[in-house]
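One chain follows as structure tokens, the form predicted on its own.
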């Protein structure tokens, strides 16, 4: 029993070491984003315990930025629920895309599902774990690293925000900038460019038809429909 426990720990350590280099670009992005989020929370009067708790429990970067406004205005539970669903609806499609990779992971599925975010999806969906490491531990290591980066950056930002006073206008654009970078990285391989174009076209169409406040769910639905209908062409 003791030997098996040591082997499992060794297996996780190997997977963690293998996963760490893949997480470095996200570390750079999350340091900027998380610090910006922590500063914005402090600017609205929420001390570091609240900011860190929000990041640790919710761990939904884009919705956390949106929630800053919800926390400082009259609370409307139904509106908050609908807004949260629309902002995070893309996770439904993330989950479908990762079903094959997460299949057979047993109890590891629960932290993998809970810790799923855009950046984790991007890496776990596109990177093949090294042959010598356990796949489940590799995916979990990526998830835990990203989670740790985000919570740590939030703590740093909230502490800085409580000490410094300056105009925070425009800081929330850091999240949009990160999504742009991730998109560019995803479409650099030629085989991904058609999917990227489909995503852009469907998003622009949803923007025209439904407006900026309601485009997320319709855009994701149109992207899914186009990809399902045209899957044979995309796979050739």
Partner chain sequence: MYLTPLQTIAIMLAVALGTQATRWLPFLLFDRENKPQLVTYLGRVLPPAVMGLLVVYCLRSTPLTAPRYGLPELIALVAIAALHLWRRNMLLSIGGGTVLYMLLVQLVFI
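Residue numbers count along the first chain shown, from 1. If you superpose the two forms and keep the largest set of C-alpha atoms that fall within 1.5 Å, you have the rigid core. Just so it is clear, the model here is predicted, and its values are computed rather than measured.
This protein has a second form, the form predicted in complex with its partner chain, left out of what is shown; the following refers to that one.
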Quiz item: Counting only non-hydrogen atoms and a 4.5 angstroms cut-off, does residue 53 reach its partner chain in the predicted complex?
Solution: yes
Self-check item: Any non-hydrogen atom of residue 149 within 4.5 angstroms of its partner chain in the predicted complex
Solution: no
Quiz item: Quick one: does residue 131 come within 4.5 Å of its partner chain in the predicted complex, counting heavy atoms only?
Solution: no
Self-check item: residue 94, heavy atom within 4.5 angstroms of its partner chain in the predicted complex
Solution: yes
Quiz item: In sequence order, which positions of 34 to 61 have a non-hydrogen atom within 4.5 Å of its partner chain in the predicted complex?
Solution: 44, 45, 46, 50, 53, 54, 57, 58, 59, 60
Quiz item: Rigid core fitted, then: does residue 206 show a CA shift of 2 angstroms or greater between the shown form and the other one?
Solution: yes
Quiz item: For residue 215, is the C-alpha shift between the shown form and the other one 2 Å or more after core superposition?
Solution: yes
Quiz item: in the predicted complex, do the Cα atoms of residue 33 and residue 213 sit closer or farther apart than here, given a shift of 3 Å or more?
Solution: closer
Quiz prompt | residue 212 and residue 30, C-alpha gap in the predicted complex relative to this structure (3 Å or more) | solution = closer
